[in-house]
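As C-alpha cells, one chain now follows by itself in the form predicted alone.
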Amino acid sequence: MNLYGKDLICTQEWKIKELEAVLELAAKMKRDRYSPRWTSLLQHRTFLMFFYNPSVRTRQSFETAATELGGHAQFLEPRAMRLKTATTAGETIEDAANVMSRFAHGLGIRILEDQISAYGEGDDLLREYAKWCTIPVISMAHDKFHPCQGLADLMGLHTHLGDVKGKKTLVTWGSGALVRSWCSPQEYMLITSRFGMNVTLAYPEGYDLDPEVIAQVKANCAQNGTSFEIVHDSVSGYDGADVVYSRNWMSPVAYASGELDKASERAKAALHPGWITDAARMKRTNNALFIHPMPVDRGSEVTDEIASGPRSIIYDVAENRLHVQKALMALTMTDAL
C-alpha cells in the first residue's frame, strides 16, 4: 500500500485499510524493534517538528522514532521563527511550507489550547501547511484531533481485547482543572466507532463536544450497526463497558472572550465534582480496561487505584505512540516499504 507523501490530520480521512496497514507495521516494529529492516529506512532524512505547545510523550516518541529509523527529528519553536501571525509580520505559511519542503521529508505540528484564540484555528493552520507542503504533514495533536494518539489507543485495545467489534467503550468527562482541548476524546471516538465499537459519551450538561465530530461518530456507528448514546450522569455509562476512557475537557464557550479563559473554565469545572473513575464505578463494567492518553490528572479524572491498577493500559498505550509513529513516518516519508 502506497502512503508515501500522505498527510495525517485526522484518522477519519484515511481508509480503514490504510489505518490497518499502519497498525500492522507498528506491531511488527514493536515485536522486532531494532531489526535492520527498519533502522535505515529514514537514513539522511529529517522530520521537522513545530511545537507551539510543550509535550512529554510527543517530543520523546517522535525523536526516538526518527532515531530508530535512522533519521533525524528537528525540534522547532515557532515563537523563535519569523512567521507571520494575526498580530506580527513575518513569513507566510505558503513560503515557509515550500521552503521546508526543500529541506526535510516530513513536518509535524502540535498546537493546542492557549495557542489559539478560537476552536478550529489549529486545524486550519495544519490544513494550510498541508496545502502548500510537498512533504507529508502529521498532526502531533491540535485543537480538533490527535490521530497518533488514536492509533496508539486502538493498538492497545487490539493487544488486550483482540477484535474490538461489538465491544462497548465509555468516554466520560472527568473532573479537573487542566482545561484540556477536545482533540483526544474526539479522535478516540472517531477511530473506535469506525472499527466497530459501541460508544457511550458521558458528560455534565454544558460540556458538548464538536457537533460535526459527534455526527460523524454517529454515522460510523450506524454504518457498523453499533450504538452511540449520550448520558449526562457520572455513573450509568459504566454499565457493561469493556473500556473506560476518562478525560477532562473544556466547555464550548472556552474561547468566548477571544482567548482561552482558563480561570472561567476552572470555575465551571469546579461546579461538577465527583466525575471520577473509581473502583465503585468500575465494578459496574464488564471488567473494563482503563485507557487514558496522559498526562493523567490523578485524584480528579481517575483514582490512583484504577490508573495504576491491573486493568489500566495507560503505559502500554503511551509506548504505542512510538511504534505507530515509526510506522507512520516509515510509510509516509519513504517509499522503501
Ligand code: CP
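Fair warning: this is a prediction, and the values are worked out from it, not measured in the lab. Residues carry their position along the shown sequence, with the first being 1.
One more form of this protein, predicted in complex with phosphoric acid mono(formamide)ester (CP), exists but is not displayed; see below.
In summary, among the residues Ser312, Thr58, Thr285, Thr46, the only one with a non-hydrogen atom within 4.5 Å of phosphoric acid mono(formamide)ester (CP) in the model of the complex is Thr58. Residue in contact with phosphoric acid mono(formamide)ester (CP) in the model of the complex (any heavy atom within 4.5 Å), chosen from Lys144, Arg110, His105, Arg194: Arg110. Screening 38-46, 64-72, 294-302, 276-284 for residues having heavy atoms within 4.5 Å of phosphoric acid mono(formamide)ester (CP) in the model of the complex returns a single hit, 294-302. Among heavy atoms of Thr172, none comes within 4.5 Å of phosphoric acid mono(formamide)ester (CP) in the model of the complex. In the model of the complex, phosphoric acid mono(formamide)ester (CP) sits beyond 4.5 Å of every heavy atom of Ser139. Of the heavy atoms in His323, none are within 4.5 Å of phosphoric acid mono(formamide)ester (CP) in the model of the complex. Heavy atoms of Ser246 never reach within 4.5 Å of phosphoric acid mono(formamide)ester (CP) in the model of the complex, leaving it off the interface.
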